[in-house]
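Take a look at this one chain, the form predicted alone, written out in structure tokens.
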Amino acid sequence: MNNSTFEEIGRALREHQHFAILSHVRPDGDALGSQLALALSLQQLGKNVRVWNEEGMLEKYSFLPRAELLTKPPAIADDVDVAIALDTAIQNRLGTAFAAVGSAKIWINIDHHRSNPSYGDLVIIDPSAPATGEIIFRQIKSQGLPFNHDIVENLYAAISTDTGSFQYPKTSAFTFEIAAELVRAGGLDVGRLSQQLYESYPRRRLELLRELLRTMRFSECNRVASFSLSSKTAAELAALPEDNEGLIDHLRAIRGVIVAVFFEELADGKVRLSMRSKDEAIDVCAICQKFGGGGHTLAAGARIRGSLAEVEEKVLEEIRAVLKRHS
């Protein structure tokens, strides 16, 4: 990683006054925690900061410090000095948050997805980082930006969630060192925060999982597992989009499964695809890129036009072809 880019971004953050911090549609803990952490640091510098996501602050992360700062974007576009896209591999995945930026003198792109094409004026893409929150930590610390308890808690939540609670393969010694520094610096109650992150789900999420498991199927000698969610079932359960996060891990955790897939029918005639791999030789990012998506080698996604059955057939056929090439 080129430290000069951290310095350039640091200068831009100090020299300008009006900021918009954005993240991807269907946000996760890394996206929201990173946004809030950077926004709070800039506010400590006396900056004017908007924090936008197409879906606003999710119910499940509403306990994060200063969560109220993160809102849905305004209907009328707003001009800013600097627009910052966090954790967003493809610019159009900023959704209505992108449209809410009328103009910006500088676009900053900070991300850890290797499929990111490096859009923007100042860019940090670090695929070795297990979470964008880790890059935001480095940006704040390397440039001596403000750092307080609320920032610490948001960064810890960002890193914890995107590493699968420090379990995923890209979790490094450096990741644990950052976590230790966050705990020391912020006096974090790790038990309380972890309980809020992982042990405070609404009942409807478990009911959703029950219905998904009814659709579970296996192929390729049990190396591929998938389940699917129709829009009808989602409506009957009154499930929120955020309730889906992490459910695919139940498939990935099955012994012998190499690729796990979650198909979710959307209202716009598309199917949302989430895919996980347990073998770096089976690159799910490459598979998803064939359908207009992207992500990481072991975790990726896409949105594909078609019916649930059509998309399932196309995607599973592509997975079968990849597995055959590597068998």
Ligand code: 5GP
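All residue numbers are counted from 1 along the displayed sequence. Values in this document were obtained by computation on a predicted structure and should not be read as measured data.
Beyond the structure shown, there is the form predicted together with the named molecule, which is absent from this document and is the topic of what follows.
Not one of 270, 306 and 315 places a heavy atom within 4.5 Å of the named molecule in the predicted bound form. 302 is the sole member of 49, 258, 302, 58 with a non-hydrogen atom within 4.5 Å of the named molecule in the predicted bound form. None of 89, 208, 178, 225 but one reaches within 4.5 angstroms of the named molecule in the predicted bound form through a heavy atom, and that residue is 89.
Exactly one of the stretches 286-294, 64-72, 35-43, 50-58 approaches the named molecule in the predicted bound form with heavy atoms within 4.5 Å, and it is 286-294. In the predicted bound form, the named molecule stays beyond 4.5 Å of every heavy atom belonging to residue 252. The closest non-hydrogen atom of residue 93 lies within 4.5 Å of the named molecule in the predicted bound form.
In the predicted bound form, none of the heavy atoms of residue 138 sits within 4.5 Å of a heavy atom of the named molecule.
Taking non-hydrogen atoms only, residue 277 never approaches the named molecule to within 4.5 angstroms in the predicted bound form.
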